[in-house]
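Single chain ahead, written as structure tokens, the form predicted alone.
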Amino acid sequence: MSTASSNDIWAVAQSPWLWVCALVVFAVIGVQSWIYIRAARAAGEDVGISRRDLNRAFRSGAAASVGPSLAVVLVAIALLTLFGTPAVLMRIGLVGSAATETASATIAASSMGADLGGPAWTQEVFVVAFFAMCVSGGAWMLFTLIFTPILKRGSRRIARVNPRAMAIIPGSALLAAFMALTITELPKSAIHVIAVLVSGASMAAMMWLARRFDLGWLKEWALGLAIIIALAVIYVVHHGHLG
């Protein structure tokens, strides 16, 4: 029987109870996704959106999720050696923010005088770090639960005052979010700058081709293809002159 001061993390990280909890979490995510898809189909029919347009929107969303999901998967693979499969599936799979989860675990571990994966990374530290990750994710969801209805009431008031504003605000917020993420990456290295330029140029070229030759399928896959092209170029550059 392992003790709390033991470095045998896998005795608790691969616990059957954690596996059960991970499977329950993914079952809830699957049911939730199914409910959202049904609700979107029903709402789309009510506002006159055809089934074809809805399917196109679903495919575009799936293609757009490739990039962010790939980044999360790569970080999740790196965290497997620290937290084990069930904990990573529960936290990264549920919240999806590897940076937030890692920061929570790092702060919790450092409060006990340990580093992630270091000599003092014991079962006790693992449990505290995992608990901190769960609390962080719970607070995130609680904040969303409380403030979403409040923000919804605010959006209704804005729509009554100026309906055009609600057509501009969501797009502006999305554009600002992507710009903030992009600008944050630019100063890191020349590789990051090349990735931004190549992906942006690829996206612009594919959107021009889609409009010029009326290629609807290219609009759906443009984001995913731009990510793949940028990754391929960065791989070549990284293992070439700038690596």
Partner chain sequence: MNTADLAMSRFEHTTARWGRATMGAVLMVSLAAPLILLAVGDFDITFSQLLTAYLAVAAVYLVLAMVEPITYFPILGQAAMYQAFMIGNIANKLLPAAIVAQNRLDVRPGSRKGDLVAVMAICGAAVVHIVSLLLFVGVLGTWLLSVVPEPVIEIAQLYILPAILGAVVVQAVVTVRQARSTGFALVMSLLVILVLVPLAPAIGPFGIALAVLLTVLASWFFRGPSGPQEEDGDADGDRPVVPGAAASAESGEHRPPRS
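Just so we're on the same page, rigid core means the largest C-alpha set that superposes within 1.5 Å between forms. Positions refer to the first chain, counted from 1. Since we're looking at a predicted model, the values are computed, not measured.
What follows is about the form predicted together with its partner chain, which we do not show.
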Q. Is there a heavy atom of A114 no more than 4.5 Å from a heavy atom of its partner chain in the predicted bound form?
A. no
Q: Answer for A167 alone: is it within 4.5 Å of its partner chain in the predicted bound form, judged on heavy atom distances?
A: yes
Q | Contact test in the predicted bound form: P119 vs its partner chain, heavy atoms, 4.5 Å | A | no
Q: With heavy atoms only and a cut-off of 4.5 Å, decide whether L209 touches its partner chain in the predicted bound form.
A: no
Q: Sequence order please: the residues of 165-181 with a heavy atom within 4.5 Å of its partner chain in the predicted bound form.
A: A165, M166, A167, I168, I169, P170, G171, S172, A173, L174, L175, A176, A177, F178, M179, A180, L181
Q | A11: Cα shift of 2 Å or greater between the shown form and the other one (core-aligned) | A | no
